[in-house]
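First, one chain by itself in structure tokens, the form predicted alone.
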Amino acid sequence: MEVDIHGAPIYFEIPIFGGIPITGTLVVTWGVMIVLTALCAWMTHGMKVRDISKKQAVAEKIYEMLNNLVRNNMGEKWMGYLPLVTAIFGLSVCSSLSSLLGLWAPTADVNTELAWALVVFILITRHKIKGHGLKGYLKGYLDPIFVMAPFNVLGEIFTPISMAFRHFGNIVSGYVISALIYAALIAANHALFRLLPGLVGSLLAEIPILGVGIPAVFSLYFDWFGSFIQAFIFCMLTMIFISTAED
């Protein structure tokens, strides 16, 4: 297991039968899915029409927001994709925020985003074939002239790749910047208090005073805002690509 400057686990692998590893990504992802499933079951348990509880009110508000998001961006025809969009959004946010608990964030592993993007790509291709027919779909690679076919194929392949790496790159860059800020504060703390004479300066230099509070301010953006905005962007691209596939 590797450890970062905060002491949180970065990555680990546990070999099992046949040398197949159980990675940090798998463990935390399954943990997040179990927690989300349990949370949904708890929030929707004992729902009533009248005199609803606070948890039911919260559940209904979340559902209403996500329902409007899908309806406004995809249209009534595509409301069947509400569970998919909701699942990706919830899994993305919670996976990214798992780093706040000292866990390995699955979204810091590009394989996670590639798996989501592959599912979206299959759905996009399905609707393109449904809307234009197999012959029309294949013919689309020859537009505007046949020599463009290799570029059109690459453009199609790069759709899920760009979705995955956009999400992955923004999440990882946030972690890297946060780590650099924390390291700089620790170095500044050591250099600043070393200027004080005697034992007091030596003791204060070893206490990460500057490392308390200031990193939390940056965490509001890189961890909280970044996690939500990247999940939102990935879901928006998913909805746009799928809903326009048949056009």
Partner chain sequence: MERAIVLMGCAIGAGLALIAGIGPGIGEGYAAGKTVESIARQPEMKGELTSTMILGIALSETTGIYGFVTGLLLMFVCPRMFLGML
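Numbering follows the first chain given and starts at 1. Please read these numbers as outputs of a predicted model, since none were measured by experiment.
Although not depicted, the form predicted together with the partner chain is the subject of the following passage.
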To test your reading of this chain, name the stretch in 121 to 129, 95 to 103, 165 to 173, 143 to 151 whose heavy atoms come within 4.5 Å of the partner chain in the model of the complex.
165 to 173
Can F232 be called a contact residue for the partner chain in the model of the complex at 4.5 Å between heavy atoms?
yes
Taking the partner chain in the model of the complex, which residues along 59 to 94 bring a heavy atom to within 4.5 Å of it?
none
